[in-house]
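Consider the single chain below, provided in structure tokens and representing the form predicted alone.
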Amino acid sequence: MGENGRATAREIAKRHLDAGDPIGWFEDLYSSAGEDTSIIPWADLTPNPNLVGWLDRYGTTVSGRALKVGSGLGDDAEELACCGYQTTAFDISETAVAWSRKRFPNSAVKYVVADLFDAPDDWKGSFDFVLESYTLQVLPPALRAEAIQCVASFVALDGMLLVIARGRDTKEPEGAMPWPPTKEELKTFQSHGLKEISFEDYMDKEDPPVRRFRVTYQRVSDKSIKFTTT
């Protein structure tokens, strides 16, 4: 997307943050867009290539129920469904969920309007694969610790979590939205019963390239680790 579109998204986010409404800006963003995706920073209308690359290598290792956190316009959720996962995808924005259903009218994905911080109780420990891509980085840093706890809670025993986000070092500024997490922040997933299986720190293929973290976790049973990237 262009810088004008990104500036619009940042303006909407700031307006809600200043009003003490740190997550209400998502619905405002989608409803303001109409059917124009140019102001939605993450709406590429194609599956995230950082997800696709992971699935190409490891996707057959995990099966069963999948959950997409922050489903946006549905492309990543549809990719998971195409890989055979029984996929649920949720977003706090009613407009985003309606837009996804319109884009994919015959989809097998269950699209749900839900709040990460007040998700259905029966989702806890229920998913074999959880995908968190680009949601943590667009939540204000003050909410990140709670968000990490909520995301971790969805992972079933022996289940996997894949986190994809922009990355930064601790000494680097938080910047404007998006607010890239640090390695230290992401490592707190391990304090919620997850084991870090791999941590990739790399420059992607965007123009210009963007630093990304792609991290794989597992909720490990006493028996064994069922997944390895080696």
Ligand SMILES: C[S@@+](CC[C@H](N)C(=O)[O-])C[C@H]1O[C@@H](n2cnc3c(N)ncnc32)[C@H](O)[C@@H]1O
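From 1 onward, residues are counted along the sequence shown. Remember, it's a predicted structure, so these values are computed and weren't measured experimentally.
Keep in mind that the form predicted together with the ligand is missing from the display, and what follows is about it.
**Q** Applying a 4.5 Å heavy atom distance criterion, does Trp99 contact the ligand in the predicted bound form?
**A** No, Trp99 is distant from the partner.
**Q** Considering only heavy atoms, tell me if Trp42 and the ligand come within 4.5 Å of each other in the predicted bound form.
**A** Result yes; Trp42 sits at the interface with the ligand in the predicted bound form.
**Q** Hey, in the predicted bound form, is Val138 touching the ligand, heavy atoms inside 4.5 Å?
**A** Yes, Val138 sits close enough to the ligand in the predicted bound form that at least one of its heavy atoms falls within 4.5 Å.
**Q** Tell me, yes or no, whether Thr88 is in contact with the ligand in the predicted bound form, where a contact means a heavy atom of each within 4.5 Å.
**A** No - in the predicted bound form, heavy atoms of Thr88 and the ligand never come within 4.5 Å of each other.
**Q** At 4.5 angstroms, heavy atoms only, are Val155, Ser198 and Arg214 all close to the ligand in the predicted bound form?
**A** Not a single residue of the candidate spot has a heavy atom within 4.5 Å of the ligand in the predicted bound form.
**Q** Please name which of the stretches 165 to 173, 50 to 58, 190 to 198, 65 to 73 has residues with heavy atoms lying within 4.5 Å of the ligand in the predicted bound form.
**A** This holds for exactly one stretch, 65 to 73.
**Q** Going by heavy atom distances of 4.5 angstroms or less, which of Met160, Ile92, Leu80, Ile148 would be at the interface with the ligand in the predicted bound form?
**A** That would be Ile92.
**Q** Taking the ligand as it sits in the predicted bound form, which residues of 19 to 37 have a non-hydrogen atom within 4.5 Å of it? Please list them.
**A** Contacting residues: Ile23, Phe26, Tyr30.
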